[in-house]
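Just one chain follows, in the form predicted on its own, and it is written as structure tokens.
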């Protein structure tokens, strides 16, 4: 089922209004979760505070599995933001989609390659920034020419490949899930027989998509910390 995207022109640029809407909704939801979880802090956490503390510890363990905490602690908030933001973004398109006049307005923002590749570029750019900041420009550049100088072109290609795979992996998994859910939803609207045949696969795929969305948020955060560790390590 092919649907167009609502767009608007501004200063010569074309903006995808659905992406802007869904990115904003995702940001608001993550902000609300953070506020609710930290509104009434207690020594014995319960409810939302308990959940957030679990996520905080989970991300901390991801970082510590890739680098020492003295160096990696500065990326804790980045990892926490990424895992929560991407998970919420992955979930938004699962319950339903909203199509108005043939334009798809409600979907997972991570089902668009522009959004996922932007996140990937941001992560890779930050890894280079912190690599230079923590190691110095000269020492950082040496990493591209070691162990042998003629490997430099391959290392440049690797940087582009890392960016593409990081963004496209997330996009491909979420987009494919939403396409299949759309096909199953079409079966629900084809009468009693279609509804009966499609309802169980739809429920099963919804559950599996929640699992895939969580795994993809974890993988993106994990790879972010792997790239950071590689750039800030002194042997790079």
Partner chain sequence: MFVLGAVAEHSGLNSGDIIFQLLMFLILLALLRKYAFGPLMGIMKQREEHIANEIEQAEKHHQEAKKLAEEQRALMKQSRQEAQALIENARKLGEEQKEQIIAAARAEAERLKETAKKEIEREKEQAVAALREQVASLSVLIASKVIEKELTEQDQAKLIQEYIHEVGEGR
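Model, not experiment: these values are computed from the prediction. Residue numbers count along the first chain shown, from 1.
There is also a form predicted in complex with the partner chain; it is not shown, and the following applies to it.
A heavy atom within 4.5 Å of the partner chain in the model of the complex is found for one listed residue only; from 212, 226, 17, 219, this is 17. Shown alone here, residue 179 lies farther than 4.5 Å from the partner chain in the model of the complex, counting heavy atoms only. Interface membership of residue 85, defined by any non-hydrogen atom within 4.5 Å of the partner chain in the model of the complex, is confirmed. Taking the partner from elsewhere, residue 67 is found to have every heavy atom lying beyond 4.5 Å of the partner chain in the model of the complex. Interface membership of residue 7, defined by any non-hydrogen atom within 4.5 Å of the partner chain in the model of the complex, is confirmed. Heavy atoms closer than or equal to 4.5 Å to the partner chain in the model of the complex belong, across 102-124, to the residues 103, 112, 114, 115, 118, 119, 122, ordered by sequence position.
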